[in-house]
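Next comes just one chain, in structure tokens: the form predicted on its own.
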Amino acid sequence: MNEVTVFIMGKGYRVPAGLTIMKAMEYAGYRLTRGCGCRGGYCGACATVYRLKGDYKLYGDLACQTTVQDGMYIAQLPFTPAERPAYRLEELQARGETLLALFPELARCVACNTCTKACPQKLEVMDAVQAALRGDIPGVADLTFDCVSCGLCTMRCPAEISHHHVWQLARRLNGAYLTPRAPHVAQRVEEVRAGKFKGELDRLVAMPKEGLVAAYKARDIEP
């Protein structure tokens, strides 16, 4: 079996080549009870920093997506502490000034692009910061749609911007006030309230497990 040496929290282990950092940690005997989640790159819970042998750079990535390399030094991050102001969405206006009022550190951005380089999702983070400074809430929401809130950009930012919290607010404002309402969604909500699907739901609830499995496998799937 082809193996590589990795250092986890300073201790060396031989692990199979080709494993992700998360799987390598478990292979080495670590029981992951935090700092892990979906294991598919969608939740951002497994933010990790590491160095490579002979390389001066400090890298950040998601442990569930990154393959181990020989001589890799790894440190797991349970979470990223960042300031998040308290607010009530219904009391806010969908204006650019709202973002800057709640996150004044945005104005400290020096356009160094370190945040973009740190993003494991390859998002244009600095462009989103500039959109926020221009008051372009839909632009921020669009640029950060795939953000998983891992916080790696915030840890590398010299201006100490709480990027992921800014993105959350922008997406909430955009969804609540600026996105056109979909008529078919409102129609379906009314159908649910009127009990249109109650009989079918009651039938599924009463169905044994074997029946549910069979119904799931036989369901119509859109191409």
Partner chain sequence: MKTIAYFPGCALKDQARADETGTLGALARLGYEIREIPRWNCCGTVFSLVQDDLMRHVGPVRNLLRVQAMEEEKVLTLCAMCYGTLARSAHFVEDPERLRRINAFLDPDAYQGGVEVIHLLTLLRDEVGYERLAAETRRPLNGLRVAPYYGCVLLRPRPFAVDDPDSPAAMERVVEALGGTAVPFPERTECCGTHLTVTRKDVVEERVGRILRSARGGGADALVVTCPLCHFNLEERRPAGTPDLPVLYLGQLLAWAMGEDDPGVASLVGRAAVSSEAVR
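Bear in mind that the values here come from a model prediction, so they are computed numbers and not experimental data. Numbering follows the first chain given and starts at 1.
Same protein, other form: the form predicted together with its partner chain, not shown, and the subject of what follows.
Which residue, Ser149, Gln130, Gln121, Thr80, is the contact with its partner chain in the predicted complex, using a 4.5 Å heavy atom cutoff? The option sitting close enough to the partner is Gln130.
Of the residues Gly135, Pro104, Gly71, Pro85, which one places a heavy atom within 4.5 Å of its partner chain in the predicted complex? The residue from Gly135, Pro104, Gly71, Pro85 that makes the contact is Gly135.
Would you please decide whether Met126 lies within 4.5 angstroms of its partner chain in the predicted complex, comparing each non-hydrogen atom pair? Result yes; Met126 sits at the interface with its partner chain in the predicted complex.
Verify the contact flag for Pro158: yes if a non-hydrogen atom of it lies within 4.5 Å of a non-hydrogen atom of its partner chain in the predicted complex, no if not. So Pro158 counts as contacting its partner chain.
Even though its partner chain is not shown here, does Cys112 get within 4.5 Å of it in the predicted complex, heavy atoms only? Yes, Cys112 is a contact residue.
Does its partner chain come within 4.5 Å of any heavy atom of Lys57 in the predicted complex? Yes.
If contact means any heavy atom within 4.5 Å, which of 26 to 34, 172 to 180, 193 to 201, 49 to 57 contacts its partner chain in the predicted complex? Result of the contact check: 49 to 57.
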